[in-house]
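Coming up is one lone chain in structure tokens, specifically the form predicted alone.
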Amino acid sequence: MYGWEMLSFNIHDGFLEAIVRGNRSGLLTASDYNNLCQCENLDDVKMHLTATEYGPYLQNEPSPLHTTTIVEKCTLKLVDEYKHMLCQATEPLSTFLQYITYGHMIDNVVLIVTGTLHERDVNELLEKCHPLGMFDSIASLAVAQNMRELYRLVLVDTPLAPYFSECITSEDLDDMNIEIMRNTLYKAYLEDFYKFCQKLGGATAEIMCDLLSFEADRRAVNITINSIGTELTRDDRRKLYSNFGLLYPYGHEELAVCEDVDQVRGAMEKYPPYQSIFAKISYGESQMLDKAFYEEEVRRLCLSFEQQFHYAVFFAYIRLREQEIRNLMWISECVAQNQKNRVHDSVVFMF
């Protein structure tokens, strides 16, 4: 029942909520980003990050540094924090934390299958996989020739198995089928996570359902824009949209028939929460849309910390850390390639 969480929440989950709120204070601030944007080389970036919570992970790295090293070490910190929380968690928080990693599992599956299709070395692909989405039999993905084999040989024993029911076909894997598989899996995953959060009830359900609805709507817009000019039919496009969210169902009907970015904009501007996002970009351009969505997501994630006694803070913290790592990757790339005039293009400030 909503409002009664405060009576019992701290018995099992109070310690971990305190941990995650403490970790949140270690996120980089606007002044940190301004200092990082002034760096002349990656050693300067490392020197500044050494004074933050990333220090122990970067201090022993020799010069010359590479962007991949910085991103890898920063991701390692996120993974260590996640594993610490998972070890301390009891049900249903432990299941909630596991749900957060399923998106990375889907991305890793798609990465391995796509790389194998293009004859890339499996070990090289495994190094590029996100550590939060690893599972025991992931290397075996390389032998699968179609969706049915992919499921039967590898994924039947993973948490992703229930999500494969909609995309088990005997068609050979190609780039188009793999992308459809990714979006079908994400749809099933988001709907499952949404139902799980609704079952939890209370403030967790209220905040998480809002965050997941935003994620589902963003994916619907991205699927629409990316499928414009491809052989994907309107019905196929509609099947990839999640069955919840602010756009469901009438917004999905409009997006399914859009044939250019301006039509997508027209459909989205009917929904007040998304008017501000599309107001930031000019007509006919979609390059800045990702950043506008990320900024709105960060705003919503930060707001979740304003309430207590709910699990959304764990989801929000991990998402904010991932955004921080994306920021650091962009800044490091701009510094390494001497493109400092573009350094602010993709940085999303948090606090």
Partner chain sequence: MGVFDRLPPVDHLRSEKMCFVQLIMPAESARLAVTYLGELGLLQFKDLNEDKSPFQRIFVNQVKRCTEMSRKLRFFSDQINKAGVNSSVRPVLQPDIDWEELEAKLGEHEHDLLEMNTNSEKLLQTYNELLEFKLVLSKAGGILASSHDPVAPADRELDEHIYNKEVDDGIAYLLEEGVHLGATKNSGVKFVSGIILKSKALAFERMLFRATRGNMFFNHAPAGEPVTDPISGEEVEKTVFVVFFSGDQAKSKILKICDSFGATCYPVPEEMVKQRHIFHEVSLRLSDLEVTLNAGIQHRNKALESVGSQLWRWTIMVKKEKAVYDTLNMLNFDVTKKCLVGEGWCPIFAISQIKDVLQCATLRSNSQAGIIFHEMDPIDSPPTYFRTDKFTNAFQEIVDAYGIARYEEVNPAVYSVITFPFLFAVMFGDWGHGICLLLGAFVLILREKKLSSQKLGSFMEMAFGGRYVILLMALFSIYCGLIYNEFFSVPFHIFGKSAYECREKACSDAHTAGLIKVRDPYPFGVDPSWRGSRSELPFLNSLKMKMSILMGVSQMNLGIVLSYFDAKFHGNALDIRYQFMPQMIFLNSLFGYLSLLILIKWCTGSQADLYHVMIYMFLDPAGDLGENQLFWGQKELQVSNLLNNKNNMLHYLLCLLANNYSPFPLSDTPVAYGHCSCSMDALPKAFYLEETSQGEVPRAHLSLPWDVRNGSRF
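If you're wondering where the values come from, they're calculated on a predicted model, not measured in any experiment. Positions refer to the first chain, counted from 1.
One more form of this protein should be noted, the form predicted together with the partner chain, which is absent from this view; the next part is about it.
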Non-hydrogen atom contact E296 with the partner chain in the predicted bound form at 4.5 angstroms: no
K83: touches the partner chain in the predicted bound form, heavy atom cutoff 4.5 angstroms: no
Q98, heavy atom within 4.5 angstroms of the partner chain in the predicted bound form: no
Partner contact for R152 in the predicted bound form: the partner chain, 4.5 angstroms, heavy atom: yes
Candidate from Q307, T29, N35, T52 lying within 4.5 Å of the partner chain in the predicted bound form - any heavy atom: N35
Sole residue of S276, S94, S137, Q263 within 4.5 Å of the partner chain in the predicted bound form, by heavy atom: S137
Residue stretch of 154-162, 85-93, 193-201, 245-253 approaching the partner chain in the predicted bound form, non-hydrogen atom distance within 4.5 Å: 154-162
Residues from 59-76 in contact with the partner chain (non-hydrogen atom within 4.5 Å) in the predicted bound form: Q59, N60, E61, P62, S63
